[in-house]
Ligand code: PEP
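Read the single chain below, which is given as structure tokens and is the form predicted on its own.
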């Protein structure tokens, strides 16, 4: 059996088709006819955009508009004046088009890959897809075609790019296995939209598997079973039918309130990264947005977005939500999340460094511009401000003071905004957990970011395989931290939400109900499943589970017990 990351739920039983990588090798050469080379590059861009639009149209027909937008985004990226201009500048400096494309794409890939943030790192995969598409055209290499795969096919590739995914006939593909990727990668998103089980990041999958051999893909457990027995095929075929039946049943929760079995109501929000994602939240039946990551507004460009540009983005998201809450996290940048035009210094320990609220408070003009944009947008809906990485009361006070300054500026200009806009914080550090009682007296709400909270509490980098065993929200120390944050918020009568991955974890849900969490913010595809899982529990049942768990000494004990009840 091979292990990977379960990225698209479900069971697939079929035969392997290996997707071999294209050879995109070339010999860089100095160009003498610059105008001809520029025209060759521009023709390649036009051909790439035509091909990509055709792929987007195919995706739109098979899955819908929101998935097609992933590929349409590739067109927007390569048509961006900054990226195209930088490539053309290298050609004007006598580099061949292939070399110019590769060099500028590498710059963006390195920038996005260094952030450590899954959503931001996905941009690196997009740029790789664009790079390979352009190089294929420039070199005259035929792109991979998978539309002719026979029924019962399991696709296996080093990396399944969005453009490759666009050629999938979902009636014939029963599973996807790749050597790279994560749950948030666009290939994973498209696999989920196509409802195809997918296991990603399987080491050496292309060399360990052979075309034509039978395998079982378990997209939930992240397992690939090779050479299955007849009994295993029968067992997993039955599991597949049960999974499909459960997925149909989830639709019963659409349009319903989020309540547990004893009647307590909760808010079920979505996490988004762009204004367009707000539409995905609505389509998924989310009750609002618990985390709008604003970093994307600052990326893919060569200068800061203006206040007006930010205002339009926040306004657009708010209007899409039609009065549902929109919690906007202020810029979480710096340290490990680099934006070249900001000229950030490299740090030896970026996770402990000059980032998020720390960076913003030292760059008041940038910060104030964002706050004013958020305030202006608040006239169009229920918008709330959230500061990231708060570790001290002074940071919250300084941030709130800047909000008041921005309000005064807008009043003087006669611009409307929500005078009573809520200002809350991300509680995502051990420091914020320890002083949660003090912070709760001055914040309008808390949102627990369990990804960073787990890392900072356990002093463990989730990307480091040597310490990954420590990185779990079910560690007793992390559970105690979460419980304390919620208790401190409840004592001061402020809402406490959770926007980290743990909010969608079925094993966490009874604990969060017992602790008194009021809002769950999850990815759009998780909404109905989380609503169903919340509905399973009464408050008394959840309390009984929490009492047992909080008496346990190790993560292993906690996980073993919770696995028996969910």
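These numbers come from a predicted model, not from an experiment. Numbering follows the first chain given and starts at 1.
Another form exists, predicted together with the ligand; not displayed. Remarks below refer to it.
With the ligand left out of view, the stretch that reaches within 4.5 Å of it through heavy atoms in the predicted bound form is, among 205 to 213, 93 to 101, 393 to 401, 443 to 451, 443 to 451. This chain is displayed alone, yet in the predicted bound form one of 129, 428, 277, 218 has a heavy atom within 4.5 Å of the ligand; that residue is 428. Among 293, 324, 368, 490, the residue placing a heavy atom within 4.5 Å of the ligand in the predicted bound form is 293. Shown alone here, residue 503 lies farther than 4.5 Å from the ligand in the predicted bound form, counting heavy atoms only. Taking the partner from elsewhere, residue 329 is found to have a heavy atom lying within 4.5 Å of the ligand in the predicted bound form. In the predicted bound form, residue 59 stays away from the ligand, with no heavy atom inside 4.5 Å. Although the partner is absent here, residue 534 lies well away from the ligand in the predicted bound form, with no heavy atom inside 4.5 Å.
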